[in-house]
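So this first bit is one chain, no partners, the form predicted alone, shown in structure tokens.
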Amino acid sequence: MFTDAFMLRALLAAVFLGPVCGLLGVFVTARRLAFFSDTVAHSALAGVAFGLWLGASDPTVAMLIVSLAVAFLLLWLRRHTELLTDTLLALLLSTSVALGVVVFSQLKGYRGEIERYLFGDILSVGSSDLMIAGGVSVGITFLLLHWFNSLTLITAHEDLAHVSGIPVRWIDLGFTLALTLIVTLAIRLVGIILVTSLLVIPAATARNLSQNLRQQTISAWLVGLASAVGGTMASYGLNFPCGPSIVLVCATFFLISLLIRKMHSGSHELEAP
């Protein structure tokens, strides 16, 4: 396993992207942005289609441009319309997917590419992809730690954050950019359909095991790392698809956390007078 260059690149990509997905997921779940990340991920399908239509050998840049456009269009619509956020998300998700399918229908011989981006293909990660993933992951981790107290206050009480002098709008923009970048890169890990699970499940697992937000961020980081690396290794050994393998490992950790939480609650009930 460790003598194959493609497998080493896949494991490094998992090390870079899994933990930062878990870390971001803590704030995604706390701020109820899971549907937002799902919309950004599905909009990447249109980016893949446009990239291939324009003749790009690697449509990652096109994916990123379209995903960012959808993310910032959502922010603009939230500020300039009276529609609810979930309505806007449903509108943008369905429109971008429909656009991507229409463009793909005009392309011939790209069925394999569609499946690759829908379900992930971490084993095809190249050296340049690895460098981008590493740089983005380190940068976003640094920003999240730098903004930790501000993001915590914004998540708990946005009006109080405004009063406290925190630049809420700029931090929201930065968080949106970070989330869009990671979602787009993580598509290579687990695919468009499953990418939201890499944000949500480690955070949910960490919440079962933690008593405060700091513990939750550390636990989510570790669960994201273990899930990404464990799922990649399991897919190689068992000859399973990599993306679904990572998600199944995530789900296994979540079930274990539920059992631990249940056992912990049961022991407290026994100790109660």
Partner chain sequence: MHKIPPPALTVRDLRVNLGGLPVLRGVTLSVPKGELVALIGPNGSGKTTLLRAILGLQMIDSGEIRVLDQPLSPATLSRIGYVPQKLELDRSFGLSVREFMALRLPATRRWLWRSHRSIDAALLPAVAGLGIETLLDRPIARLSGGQLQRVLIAWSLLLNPEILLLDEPTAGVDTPGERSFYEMIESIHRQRRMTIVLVSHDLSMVFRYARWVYALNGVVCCEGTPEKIIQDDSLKKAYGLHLTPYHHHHEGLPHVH
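Positions refer to the first chain, counted from 1. Note that the structure is predicted; figures quoted are calculated from it, not measured.
Omitted from view is the form predicted together with its partner chain, to which the following refers.
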Next on the checklist: Under a 4.5 Å heavy atom criterion, is residue 216 part of the interface with its partner chain in the predicted bound form?
Outcome noted: yes
Checklist entry - Does any heavy atom of residue 157 come within 4.5 Å of a heavy atom of its partner chain in the predicted bound form? => result yes
Checklist entry - Looking in the predicted bound form, any heavy atom of residue 261 within 4.5 Å of its partner chain? => result yes
Next on the checklist: Just checking whether residue 83 would be counted as a contact of its partner chain in the predicted bound form - the rule being heavy atoms within 4.5 angstroms.
Outcome noted: no
Next on the checklist: Does its partner chain, in the predicted bound form, lie within 4.5 angstroms of each residue among 9, 201 and 255, using heavy atoms as the measure?
Outcome noted: no
Item to check | Listed residue (73, 131, 145, 91) with a non-hydrogen atom within 4.5 angstroms of its partner chain in the predicted bound form | outcome: 145
Checklist entry - Quick one: of 153, 178, 193, 97, which gets a non-hydrogen atom within 4.5 angstroms of its partner chain in the predicted bound form? => result 153
Item to check | Listed range touching its partner chain, judged in the predicted bound form by heavy atoms within 4.5 Å, from 26 to 34, 43 to 51, 235 to 243, 64 to 72 | outcome: 26 to 34
Next on the checklist: Where, within 164 to 181, is there a heavy atom within 4.5 Å of its partner chain in the predicted bound form? Residue list please.
Outcome noted: 164
